[in-house]
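Quick heads-up: it's one chain on its own, the form predicted alone, in structure tokens.
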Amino acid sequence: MFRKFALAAAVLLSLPCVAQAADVTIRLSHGDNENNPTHKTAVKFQELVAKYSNGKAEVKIFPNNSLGNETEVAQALRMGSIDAEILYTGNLVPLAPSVGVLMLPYAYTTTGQAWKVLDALIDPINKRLVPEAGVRSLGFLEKGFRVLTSNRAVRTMDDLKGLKLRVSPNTIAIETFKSWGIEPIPMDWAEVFSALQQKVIDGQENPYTTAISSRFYEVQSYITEIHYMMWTGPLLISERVFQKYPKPIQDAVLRAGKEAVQYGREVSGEMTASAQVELKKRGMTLLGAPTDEERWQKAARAIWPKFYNDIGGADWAKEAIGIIEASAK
């Protein structure tokens, strides 16, 4: 009997270990490919959730809008049918107007200022996100300022005259460009490259990394580094789902989200620097900031009150602006 027991024990010890299934699975959606800072942030979140939960929680990543477009997934988060998402702030505004304060033009003009502002606003914004959209942000990713590409050199505000410039179809972007004396052309993203190619439009605004991934160097010659708006995006989790987690899992998710977003910001900075080098190699001329950028900033900030009703009301806008100004010093 002893020999049989010893043999059985030896057999069991020789079997390969089978990983224990996680207690919690977090399905995370985003709209970008695997080479984008968004996906790299998601992967880091996946790693850190597993680490900080001691394997009791796992993240499954669904890139390329495979679970639906950003707005559709944000709505699903409210119901808890999808657990988490990284999306562009502008696509969350229809469900959570208060997050629109992050899109005020020229709220900050450097990456360092932006990081301070995004971190300072996380708790105040979450107090409003939960009732407005049933989600909470674990942190805000950024992918750089939305710079201006064009087929004519733009060094001053006056150089904008006569240019047909595409902007994303949201009120803040449209009104900002109007404040600079032009009538911008709102256009769906899918149409932009062909419109540039066919010279229906003369330029557009997006981060440096988008100029690379979308091959704008094939149809544009110049980049002007305006600092009016940064691509920001929250790492969201469904509040309904989050409240079902045991406290240790909640703590792990909160810690992992904060660190993953910081990692994503650093990756984004590295990719932006690489994109600038590559765009020069591809023949584009990088003009730097406008020589009169203070004029652009003054005009854009003057119209902030126009947006208050669309971003949660005047009281919230003024509270958020106070936090922005204190943080950006």
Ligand code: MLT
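Nothing here was measured: the structure is a model prediction, and the numbers come from that model. Position 1 is the first residue in the sequence shown; the rest follow in order. Each form is matched to the other, and the largest set of C-alpha atoms that superpose within 1.5 Å is called the rigid core.
Below: the form predicted in complex with this ligand, not depicted.
Heavy atoms, 4.5 Å, this ligand in the predicted bound form: which of 255-263, 166-174, 108-116, 125-133 makes the cut? Say which one.
-> Stretch 166-174 is the one.
Between the options 224, 238, 206, 137, which residue brings a heavy atom to within 4.5 Å of this ligand in the predicted bound form?
-> Residue within 4.5 Å of the partner: 206.
Could you check which residue among 217, 180, 245, 231 gets a heavy atom within 4.5 Å of this ligand in the predicted bound form?
-> Looking at the other structure, the residue within range turns out to be 231.
Give a yes/no on whether residue 146 approaches this ligand to within 4.5 Å in the predicted bound form, heavy atoms considered.
-> Yes, residue 146 is a contact residue.
Distance check, residue 91 to this ligand in the predicted bound form, heavy atom within 4.5 Å = Residue 91 belongs to the contact set for this ligand.
Should residue 293 be classed as touching this ligand in the predicted bound form when contacts are defined as heavy atoms within 4.5 Å?
-> Residue 293: no contact with this ligand in the predicted bound form.
Contact between residue 193 and this ligand in the predicted bound form at 4.5 Å, heavy atoms?
-> Heavy-atom contact with this ligand at 4.5 Å: absent for residue 193.
Among 32, 70 and 189, does every residue place a heavy atom within 4.5 Å of this ligand in the predicted bound form?
-> Yes, each of 32, 70 and 189 comes within 4.5 Å of this ligand in the predicted bound form.
Is it true that residue 84 shifts between this form and the one not shown by 2 Å or more at the Cα, once the core is aligned?
-> No, its C-alpha moves less than 2 Å.
Threshold 2 Å Cα movement between this form and the one not shown for residue 213, core superposed = Shift at residue 213: 2 Å or more after core fit.
So, does residue 137 move by 2 Å or more at the CA between this form and the one not shown, with the core held fixed?
-> No; that C-alpha moves by less than 2 Å between this form and the one not shown.
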